[in-house]
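Next up: a single chain in structure tokens, the form predicted on its own.
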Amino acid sequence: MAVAKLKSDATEARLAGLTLPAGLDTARKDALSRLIATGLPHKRDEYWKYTDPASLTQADAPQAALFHNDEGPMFDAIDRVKIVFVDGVFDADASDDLAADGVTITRLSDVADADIHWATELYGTLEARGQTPVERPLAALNSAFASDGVLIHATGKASKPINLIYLHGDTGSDVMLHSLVKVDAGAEVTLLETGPAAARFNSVLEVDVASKGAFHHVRSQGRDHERRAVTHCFARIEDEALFKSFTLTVNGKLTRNECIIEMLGDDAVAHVAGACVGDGNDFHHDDTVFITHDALNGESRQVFKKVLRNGAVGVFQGKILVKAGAQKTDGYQISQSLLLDEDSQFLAKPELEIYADDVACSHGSTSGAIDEDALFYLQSRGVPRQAATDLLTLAFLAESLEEIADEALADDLRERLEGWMARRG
């Protein structure tokens, strides 16, 4: 009862300064009802016991000092459509024309009042479905109050990737963005997300992939040391469709990435992967994944690697649910951590729940230190100890990076990661 009262009070305080934006009235009110019914998360909730959500739920965003670096923009060598938000506000001057062959792109704020638009049917729908069997109140908060985001409708093979660039310029910014992706039958699109976004960032991405469609998602979360973020990706995948998502995280005080996927069509494929490098006892990174197989011959992969040092904390919660009748399911899940000192922690909760009898599902989770034999081998051949450690660390992370289908994108991330590690973050 005490926890319920704490959650109710926290929810009331959080909502006190918020007003529902205009448009999408039914979806927003439904989301607000879901939020009030469940309350904001508390550390005693089952799926938050490894991560304290207090800084994500408090009324005001914690301050986050700005992080400055002299690096060029991520993926700058790749021809892409750039869409820039600065502390959640669309920057038209810094953005490209929202046009590319095979895809239409609009902003949520431009169509929120439209009576007829594909987004009005999709907005909040997958998020609402994703609230069962696990409540995700921060996603409901977003659906209720996010005032902007990007709407992407792939009608064919998109001619270039779409890059959402999130810039952080205000030490107290508190941002909620909600984006939708609709992939028509046989269509294909790549979405890139880069940057820290805000002092506190809450994002929702809803992805609907029709039969034989393909969605590729590559995300590099900003390197601001003091940023806090909770992200949600809700996906629905139909017959022979493909969904692939990869996230690289370096720095940040608190990051929680949730991915909830429903595989509703036969022969669907879903791969979710992540690589994380954390340094310092104020670094906390949480990957929470829930994949539901509800059709024949589905394939899912979860591949997560975390490198932690100087007291950093990593969390992985991954579940594969195979419903009755989802025969021939192939579900694979691996979560591994490389602990570079005795102070860091990796907390893992892998789960399988299977109601079909003809499946091949597996999960594994390991934690360990650097391989001293391999380290000695490299040092004996003239490689300095720190450089040898970095080489072995990159080799450890390689499996997750291999989940990226586009080699140019993967190579860019590898080069950045090498540079960040050489400069120690």
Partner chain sequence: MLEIKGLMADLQDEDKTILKGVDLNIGAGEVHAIMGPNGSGKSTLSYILSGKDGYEVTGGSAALDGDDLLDMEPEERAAAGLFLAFQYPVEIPGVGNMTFLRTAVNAQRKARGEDELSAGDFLKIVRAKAKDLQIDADMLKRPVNVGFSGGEKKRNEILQMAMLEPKMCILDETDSGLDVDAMKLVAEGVNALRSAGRSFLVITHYQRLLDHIKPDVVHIMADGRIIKTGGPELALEVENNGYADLLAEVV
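Positions refer to the first chain, counted from 1. Note that the coordinates shown come from a computational prediction; the quantities given were computed from them, not determined experimentally.
The form predicted in complex with the partner chain is left out here; the points below concern that form.
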(message) Between 66, 54, 59, 395, only one gets a heavy atom within 4.5 angstroms of the partner chain in the model of the complex; which residue is that?
(response) 395
(message) Just to confirm the contact call: exactly one of 28-36, 66-74, 368-376, 41-49 touches the partner chain in the model of the complex at a 4.5 Å heavy atom cutoff, so which is it?
(response) 368-376
(message) Just to make sure I understand: among 383-414, which residues lie within 4.5 Å of the partner chain in the model of the complex, judging by heavy atoms?
(response) 383, 384, 385, 391, 392, 395
